[in-house]
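Next up is one chain by itself, shown in structure tokens, the form predicted alone.
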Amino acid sequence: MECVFGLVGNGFAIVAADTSAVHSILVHKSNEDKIMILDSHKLIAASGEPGDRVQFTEYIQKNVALYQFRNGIPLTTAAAANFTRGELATALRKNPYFVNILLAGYDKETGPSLYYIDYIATLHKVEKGAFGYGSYFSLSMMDRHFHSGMSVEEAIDLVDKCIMEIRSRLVVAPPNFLIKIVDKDGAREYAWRESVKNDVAA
């Protein structure tokens, strides 16, 4: 029951994802990081089949790094989103990946941006987006409380509202969430929201 959502604020973009690795009725772990740092100023948050998610996001990460290595300049966020969409579209006709992606980034010229890419290679630039069962609740919360030009404090408060709504409304809600942010200072982990520790019993 995956939950991935994100939004764009004043000079930054934030993405949040649950950290549960689940198969059938089993929870394997509660600290799985589903938000990959693509490069210094890009984040890629993914939901979907675990194998597809890990393999495809690593493939995109390495190809973005290869482009920068070959050409001496990094891809813009828009270019990385279009490349990702192109790879999903190519795979769709051969061996499709069941992966939904929110790609967030920051560019000096254009500022922060967020791209919605689903498993059938639909690409949209958005100010807020979500995937998974949690999207039913997070999208409604963002529709109510989101506005352009939010501060970091306002955005984190909205993310916390979305997490609380998911935890209280979704019948099999994931307990833990990870929040990451990208702005002019780069992409980085911002905070965890944990209700279950992933300690192994002795």
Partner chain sequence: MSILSIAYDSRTTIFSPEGRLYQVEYAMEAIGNAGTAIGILSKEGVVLVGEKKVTSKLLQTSTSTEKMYKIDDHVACAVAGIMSDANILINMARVQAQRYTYAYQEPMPVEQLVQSLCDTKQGYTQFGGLRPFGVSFLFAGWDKNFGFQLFMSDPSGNYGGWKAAAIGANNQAAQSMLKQDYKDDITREEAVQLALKVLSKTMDSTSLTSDKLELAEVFVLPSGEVKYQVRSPDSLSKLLVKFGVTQAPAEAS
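Residue numbers count along the first chain shown, from 1. Source: prediction; values computed, not measured.
What follows is about the form predicted in complex with its partner chain, which we do not show.
None of Ala79, Ala121, Ala91, Val126 but one reaches within 4.5 angstroms of its partner chain in the model of the complex through a heavy atom, and that residue is Ala79.
For the options Tyr67, Tyr136, Phe146, Tyr59, the one in contact with its partner chain in the model of the complex, meaning a heavy atom within 4.5 Å, is Tyr67. Contact annotation for Phe83: at least one heavy atom lies within 4.5 Å of its partner chain in the model of the complex. Shown alone here, Asn71 lies within 4.5 Å of its partner chain in the model of the complex, counting heavy atoms only.
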